[in-house]
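What follows is a single chain, given as structure tokens, in the form predicted on its own.
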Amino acid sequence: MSVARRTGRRPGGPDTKGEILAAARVEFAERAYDGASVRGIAARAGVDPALVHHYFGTKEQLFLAAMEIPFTPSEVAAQIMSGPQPGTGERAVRTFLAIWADPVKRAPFLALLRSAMTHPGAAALLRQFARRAMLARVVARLDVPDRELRAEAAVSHLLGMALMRYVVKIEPLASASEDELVSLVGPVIQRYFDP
């Protein structure tokens, strides 16, 4: 009795998911978010692209897992943009602070931001991802002039606040309550979203 030999890509094994994540990290680092593809990541991992989709779904979800991004951009954007337009600034600040307040979520995000500050490839990767996955969803719902610039300015303001609060730990910003910061920063962020 002869045994048929399997050809093509190997099926998933015990650590296939880990191998796909490792391949994705290399592929994203070398090709950035826009240049990386599920097919290329699968080839690097030696698996069928369908297996990548099976484990991770979309390229965005694979990026989130590979880079350990502590939030789902579509959910964050939906949270910020839900509700009446005059409350967008407040929702943006609350949502952003909730992500940063959780030490488990904050750690990988800080690592990615630190990498982006010192490594041009990491900066390009974060920039492309932020534009495609996060800002594009918010910008699409804005009806204001210069909406891309406004959305980027709002994010830069929020990132600056988070870095000063959680990394530099400048007082009294570091010990201010969430409600205090929402009251103080929410109206400023709201101005970016107002016509």
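All residue numbers are counted from 1 along the displayed sequence. If you superpose the two forms and keep the largest set of C-alpha atoms that fall within 1.5 Å, you have the rigid core. Just so we're clear, the structure is a prediction, and the values are computed from it rather than from any experiment.
Not on display, but discussed next: the form predicted in complex with a further copy of the same chain.
A.B. asks: Would E75, A77 and L97 all count as contacting a further copy of the same chain in the predicted bound form, using a 4.5 Å heavy atom cut-off?
C.D. replies: Result no, not one residue of the spot touches a further copy of the same chain.
A.B. asks: May I ask you to state whether E180 is within 4.5 Å of a further copy of the same chain in the predicted bound form, using heavy atom distances?
C.D. replies: E180: yes, in contact with a further copy of the same chain in the predicted bound form.
A.B. asks: Going by a heavy atom distance of 4.5 Å, is S156 a contact of a further copy of the same chain in the predicted bound form?
C.D. replies: Contact check for S156: yes, within 4.5 Å of a further copy of the same chain in the predicted bound form.
A.B. asks: Flag A140 as yes or no: does it have a non-hydrogen atom within 4.5 angstroms of any non-hydrogen atom of a further copy of the same chain in the predicted bound form?
C.D. replies: The answer is no: A140 has no heavy atom within 4.5 Å of a further copy of the same chain.
A.B. asks: Given that a further copy of the same chain is not shown alongside this chain, does D15 nevertheless sit within 4.5 Å of it in the predicted bound form, heavy atom to heavy atom?
C.D. replies: Output for D15 is no: heavy atoms all beyond 4.5 Å of a further copy of the same chain.
A.B. asks: Only one of A107, M81, A116, A101 gets a heavy atom within 4.5 Å of a further copy of the same chain in the predicted bound form. Which one?
C.D. replies: Flagged contact: A116.
A.B. asks: Ok, A32, A42, A133, I69: which has a heavy atom sitting within 4.5 Å of a further copy of the same chain in the predicted bound form?
C.D. replies: Answer to the contact question: A32.
A.B. asks: Which residues, if any, of 138-167 lie within 4.5 Å of a further copy of the same chain in the predicted bound form when only heavy atoms count?
C.D. replies: E148, L149, R150, E152, A153, V155, S156, H157, L159, G160, M161, L163, M164, V167 sit within 4.5 Å of the partner.
A.B. asks: Determine whether the C-alpha of V155 shifts by 2 Å or more between the shown form and the other one once the rigid core is superposed.
C.D. replies: No.
A.B. asks: So with the core overlaid, does the Cα of A136 end up 2 Å or more away between the shown form and the other one?
C.D. replies: A136 C-alpha, core-superposed: shift of less than 2 Å.
A.B. asks: Align both forms on the core first, then report whether A29 has a C-alpha shift of 2 Å or more between the shown form and the other one.
C.D. replies: Passes the 2 Å threshold, so yes.
A.B. asks: Given a CA distance change of at least 3 Å, are F28 and A136 closer or farther in the predicted bound form?
C.D. replies: Their C-alpha distance grows by at least 3 Å in the predicted bound form.
A.B. asks: Between M134 and L184, does the Cα distance in the predicted bound form come out closer or farther than in this form, changing by 3 Å or more?
C.D. replies: Here the pair is farther apart than in the predicted bound form; there, closer.
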